[in-house]
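We begin with a single chain expressed as structure tokens, specifically the form predicted on its own.
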Amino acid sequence: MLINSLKLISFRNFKTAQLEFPDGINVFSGENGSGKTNLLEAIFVLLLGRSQRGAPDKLLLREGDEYYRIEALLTADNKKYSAAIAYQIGGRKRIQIEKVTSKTSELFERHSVVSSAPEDIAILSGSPSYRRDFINLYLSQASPRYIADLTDYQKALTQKNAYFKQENNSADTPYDDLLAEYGASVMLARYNFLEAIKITAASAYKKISKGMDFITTYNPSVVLPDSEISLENIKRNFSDKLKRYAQRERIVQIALVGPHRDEIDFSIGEFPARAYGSQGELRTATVALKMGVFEYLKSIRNDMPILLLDEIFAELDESRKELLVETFGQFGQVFLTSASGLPESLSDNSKRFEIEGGKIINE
């Protein structure tokens, strides 16, 4: 998949902007605050209908404006097509593919994109919700079934928590069967996803860090079966734990069992990443993790995802920068930002866009 051109209107600090991109590496250069990251965000919003930074649409508007619009010409399977997304204050977000109104789910079906940014350190060092959001975002690009199961699970979870607030909450909750059914599917998908990406992530980290181990471990709310990890076995363990926790849940009036309480453990060398990892190690680990996601999506979708890299060279020494650059050849179209100088090996093999104050001043 390729993005051939991009047009912005009133997005973040851009009044208007129009860019054309080649295949390969595209670099947005400029000082901090110039708008480099906003361009990456615009690409992500266009492809998946949401910000990779979790920003609501009203914050994506240029100050003082009432709407934004992003348009692009893309190529997939050797066919070109147009896509656009727009939002107006007080209205709903509108998505169009080939000028036909479309749903967000259609964006996930058509597009795949992987983003790596400084704030991704929170995946390793922040609260468990960051790690669950990470899984949900990228697994949803690989599996429409996962999106459906996760949506149904969250609906049942909301209903169960509301049920606990009612006066008759001394009775058995009527939602546990649904939670076990959808939750088991979510957990099995998460297990398979993490099993698939952890090997590539570990290999990438070892290469960039010159030999250190990076270990990813799924630590679900419901213990996985000791024998065969199948949907039925997970569902049985899920139901058993729901029964054991039934009284405790009624006392605290909130659901305590299920994938909404899943955790992922990351280790660098022999130590937990969140407690012992340096800033450089955490940055390297998050980039390696996204490389694992990239390979997973490429394999599942049989196509190259778009890769967005925001200041990935920050806090890396020169040798790690060069080792990281060596991996770029295995990717398709790459968009990256840099406020400082690029590694020499990258400067000669990329298209440069100079950004200043929300304007493209040179390309």
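The model shown is predicted, which means the values in this text are computed figures rather than measured ones. Start at 1 with the first residue shown and count on from there.
Note that the form predicted in complex with a small molecule isn't included here; everything after this is about it.
Student: Could you tell me which one of Gln330, Asn32, Ser319, Ser299 places a heavy atom within 4.5 Å of the small molecule in the model of the complex?
Tutor: If I apply the 4.5 Å criterion carefully, the residue I get is Asn32.
Student: In the model of the complex, which of the listed residues (Leu323, Leu61, Met304, Ala314) lies with a heavy atom within 4.5 Å of the small molecule?
Tutor: That would be Leu61.
Student: So in the model of the complex, is the small molecule close enough to Ile9 to count as touching (4.5 Å, heavy atoms)?
Tutor: Because no heavy atom of Ile9 falls inside 4.5 Å of the small molecule in the model of the complex, the answer is no.
Student: Would you check, heavy atoms only and a 4.5 Å threshold, whether Arg69 touches the small molecule in the model of the complex?
Tutor: So Arg69 does not count as contacting the small molecule.
Student: Wondering, does Leu346 line up within 4.5 Å of the small molecule in the model of the complex on heavy atoms?
Tutor: So Leu346 does not count as contacting the small molecule.
Student: Can any non-hydrogen atom of Thr37 be found within 4.5 angstroms of the small molecule in the model of the complex?
Tutor: Output for Thr37 is yes: heavy atoms within 4.5 Å of the small molecule.
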